[in-house]
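Quick heads-up: it's one chain on its own, the form predicted on its own, in structure tokens.
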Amino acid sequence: MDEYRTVNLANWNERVDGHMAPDGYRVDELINDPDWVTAVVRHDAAKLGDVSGLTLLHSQCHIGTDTLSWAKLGATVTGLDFAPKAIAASRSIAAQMDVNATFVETELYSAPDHIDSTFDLVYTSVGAICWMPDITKWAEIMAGFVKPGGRFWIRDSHPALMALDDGRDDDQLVVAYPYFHQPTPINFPATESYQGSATIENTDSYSWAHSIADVITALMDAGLTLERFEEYQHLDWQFLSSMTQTEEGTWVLPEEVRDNVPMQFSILASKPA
């Protein structure tokens, strides 16, 4: 593991306790309410349809709340993540839910050495690909896990959004970071995670920009067929101080600048049978 991934692993391991806490990922509701699923999965399920009886691989699953939400909807789920504390938390939640789910501790780039199955649906949820230094290799691995006739889905933060200065306290949209990929990552130190109030001592984390063209082209070059591409005006968390929360729980820019930049994108692709 190189220096950047070592730093990121320490950072993500430390986020787990805060995300498991009552003000974190709403783990208690996931465990105790049979009908409750995460907002991320609720949104994506409307796009992907019925998953009953499907095998599903969730890459970079963190503590598994999205993964286990798919299990509630009928999928047979496998999650992978590189952080041992996150995988331990995932297995603990699954045991408390009495759900038969598989969680694998592995670097994504090493995942084919640890998972030898292919899946009906390979799923990547919000906040994932910025941690991947090589988007081409990422796409090859994702495509390799899709069985013939199966589908791949990703919904993630839009790279145009991630290029903006997120430290401003006004509603000005100012580009501060690269939109296109750079080999050297950007360090975004923070003492708190994006959810939950727990503090973080391993404050550094490194991430990489990937343009929309890079992501789509990498998936197509890996053998997947593009079925649908969408862009959205909402986000799952507050990225800019000017954003406000909707009744649905998502976050949006002020109306006067809402059309100026996309917040998220999604890609649905398939592998020919």
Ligand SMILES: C[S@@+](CC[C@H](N)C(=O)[O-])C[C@H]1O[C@@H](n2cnc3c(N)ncnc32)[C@H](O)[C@@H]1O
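Fair warning: this is a prediction, and the values are worked out from it, not measured in the lab. The first residue of the sequence shown is number 1, and the count goes up from there.
Another form exists, predicted in complex with the ligand; not displayed. Remarks below refer to it.
Mapping the unseen interface onto this chain, residue 140 falls outside it, with no heavy atom inside 4.5 Å of the ligand in the model of the complex. A residue is said to contact a partner when one of its heavy atoms sits within 4.5 Å of a partner heavy atom; residue 106 meets this definition for the ligand in the model of the complex.
In the model of the complex, the ligand sits within 4.5 Å of a heavy atom of residue 25. Heavy atoms of residue 61 reach within 4.5 Å of the ligand in the model of the complex, making it an interface residue. With the partner removed from view, the residue among 71, 135, 89, 83 that has a non-hydrogen atom within 4.5 Å of the ligand in the model of the complex turns out to be 83. For the candidate spot formed by 44, 78 and 153, no residue has a non-hydrogen atom within 4.5 angstroms of the ligand in the model of the complex. Of the candidate stretches 168-176, 122-130, 94-102, 140-148, only 122-130 has residues whose heavy atoms lie within 4.5 Å of the ligand in the model of the complex.
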